[in-house]
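Single chain ahead, written as structure tokens, the form predicted alone.
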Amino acid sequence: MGRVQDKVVFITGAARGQGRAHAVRLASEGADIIAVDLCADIPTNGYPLATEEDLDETVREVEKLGRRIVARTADVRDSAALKAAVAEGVAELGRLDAVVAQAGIAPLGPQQTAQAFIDAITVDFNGVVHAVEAALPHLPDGASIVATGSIAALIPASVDNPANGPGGLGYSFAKRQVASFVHDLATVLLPRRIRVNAVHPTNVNTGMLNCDLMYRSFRPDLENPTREDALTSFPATTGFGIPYVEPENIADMVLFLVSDESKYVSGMQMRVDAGGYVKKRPQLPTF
């Protein structure tokens, strides 16, 4: 028996990166998956997003583990589309036990317009709310809701730097709102013992990190920095001196929060940041 045996988990942004890692890790421990991804690009986002082929690969990896998966293309900005995807998944898989609101973008770049700010908020925050809205009618008492934030939400002067443009400001704002939303939603759902938690990663070795926009964010002193150039600066976001963590490291925390091992854990801001927060935000002594 796996740690989430026969649970059904709804995951947004499931086509690649952290979302795929969550789907595969949960399936390896016995879960069935409802997987959603946009599978298209957003104009203000300067790096390519996942494709239908990526989502197909997630399906193959879950099915190789002997678990069922219902995959749909849907935009987390579209509440009705998410509701339809979840309803179809529940109809086929029979239930819903957890939601992992993972989908996110980082539309950085000083050349961006205010639309990048709006897109960051509507994907990174509204998308979380829409995922919860779609899932909540199907969730039983004692279910689990997990939202992906970012260590950038908890540490000032990270991506919320004017040099990163309106999209960087929108990203930081949206992730801060995710942290607040988790706290307040956890309070609202106390009577049903539905636990609500956020996971705040540091740099993660995915397409969002490995792109020219992010390289320039970490190495503004260079006109056209490469990944090798940026690698020297990536460790600034951690306390362990490592440049990033792997998607599977975040998936381990998600597995814990979906499993019954966390049945009394709610309203938490779970940092998977290799000590980045305590390095940047030391606790002041009290007297």
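Model, not experiment: these values are computed from the prediction. Residue numbers run from 1 along the displayed sequence.
If you look for the form predicted together with a small molecule, you will not find it shown, but the lines that follow are about it.
Undergrad: Contact with the small molecule in the predicted bound form for A15, defined as at least one heavy atom pair within 4.5 Å: yes or no?
TA: Yes.
Undergrad: Does the 4.5 Å heavy atom contact test between D97 and the small molecule in the predicted bound form come out positive?
TA: Heavy-atom contact with the small molecule at 4.5 Å: absent for D97.
Undergrad: My question is simply whether A143 lines the interface with the small molecule in the predicted bound form - judged by any non-hydrogen atom within 4.5 Å.
TA: A143: no contact with the small molecule in the predicted bound form.
Undergrad: Please run the contact check for A236 against the small molecule in the predicted bound form: heavy atoms, 4.5 angstroms, yes or no?
TA: No, A236 sits far enough from the small molecule in the predicted bound form that none of its heavy atoms falls within 4.5 Å.
Undergrad: Considering the small molecule in the predicted bound form, which of V132, V204, A85, L139 comes within 4.5 Å of it through any heavy atom?
TA: Only one listed residue qualifies here, and that residue is V204.
Undergrad: Taking 4.5 Å between heavy atoms as the contact cutoff, choose which of V76, V182, A174, L108 touches the small molecule in the predicted bound form.
TA: Residue within 4.5 Å of the partner: V76.
Undergrad: To test your reading of this chain, name the stretch in 62-70, 26-34, 49-57, 224-232 whose heavy atoms come within 4.5 Å of the small molecule in the predicted bound form.
TA: This holds for exactly one stretch, 49-57.
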